[in-house]
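Only one chain comes next, encoded as structure tokens, the form predicted on its own.
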Amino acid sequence: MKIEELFTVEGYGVVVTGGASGLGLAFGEALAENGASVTLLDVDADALETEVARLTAEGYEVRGEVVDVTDHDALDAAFEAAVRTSGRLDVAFANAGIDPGPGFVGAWAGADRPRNEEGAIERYTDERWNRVIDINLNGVFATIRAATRHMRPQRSGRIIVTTSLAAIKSEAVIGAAYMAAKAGCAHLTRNVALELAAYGITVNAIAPGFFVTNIGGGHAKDPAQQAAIAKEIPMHRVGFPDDIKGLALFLASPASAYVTGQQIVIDGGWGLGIAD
């Protein structure tokens, strides 16, 4: 098989949740740039309108719809609309998520990491916990369910979940609800992959490390924050959305046809430990 056939997504129908910025936008761009028909779903109407306008002006087949993944009926309807538009559903990226708020120590600031009482487990409110779980875990479940309803009858498809390095290793600066949600997404990915393998549907996860996105109010865009965390990453730099496009294309394309139930880490080696 030629390389252009191995990684082709030409004509694919694709849905991306949380698609108006960050990694979700990168996922949508990667597939649209290679000939897919992409529907971006997001709660941020302004960002969605801006990005859809930009991508369509560049000649790509992209549409957007304002959807909150906690509204499961609206999410199901958005998938139905995307399938009517594209004529098929080949790939679904369950990507939408929110920042968990602070962990029990302060943000990356070298060896001196003072305890952060705001992030202490005994101060967690039900509202804060439930909101993170509702979007970051329940929203992924609802996205997988919506996609499966279209993919199982056709006996094919790719479902790709955005987890996190936080699903694998503990991190004191990240709120506990986020850790629980992402770990839950990782195990859900494996279990659904087991269920759907017989139907020609693969289910995999991408586990990013530190990437520069809008999550957490865009704190990752602070050069001082980037410099601090880059010292802990063996590659000595943080990740940017373009860094994830190759992995997204691999998991969405025929190149990954025999890969399912896997969580692939993309973190510049951060999870390996500090090298220098």
Ligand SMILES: NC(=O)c1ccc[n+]([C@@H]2O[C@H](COP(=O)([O-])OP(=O)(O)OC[C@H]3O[C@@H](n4cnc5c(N)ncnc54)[C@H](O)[C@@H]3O)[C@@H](O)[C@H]2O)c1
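Start at 1 and count along the sequence shown; that's the residue number. Keep in mind that what you see is a predicted model, and the values were worked out from it rather than measured.
Omitted from view is the form predicted in complex with the named molecule, to which the following refers.
- Message: Residue-level contact is defined here as any heavy atom of the residue lying within 4.5 Å of the named molecule in the model of the complex; does Ser253 satisfy this criterion?
- Response: Answer no; every heavy atom of Ser253 is more than 4.5 Å from the named molecule in the model of the complex.
- With the cut-off set at 4.5 Å between non-hydrogen atoms, does Gly209 touch the named molecule in the model of the complex? Yes, Gly209 lies within 4.5 Å of the named molecule in the model of the complex.
- Residue contact check: Tyr178 to the named molecule in the model of the complex, 4.5 Å heavy atom: Contact with the named molecule, yes.
- Query: Is Ile98 close enough to touch the named molecule in the model of the complex, meaning at least one heavy atom pair within 4.5 Å?
  - Reply: So Ile98 counts as contacting the named molecule.
- Item | Region of this chain that lies against the named molecule in the model of the complex, out of 39-47, 245-253, 55-63, 229-237 [heavy atom, 4.5 Å] | Looking at the other structure, the answer is 39-47.
- Though the partner is not shown here, which residues of 161-181 have a heavy atom within 4.5 Å of the named molecule in the model of the complex? Those in contact are Thr162, Thr163, Ser164, Tyr178.
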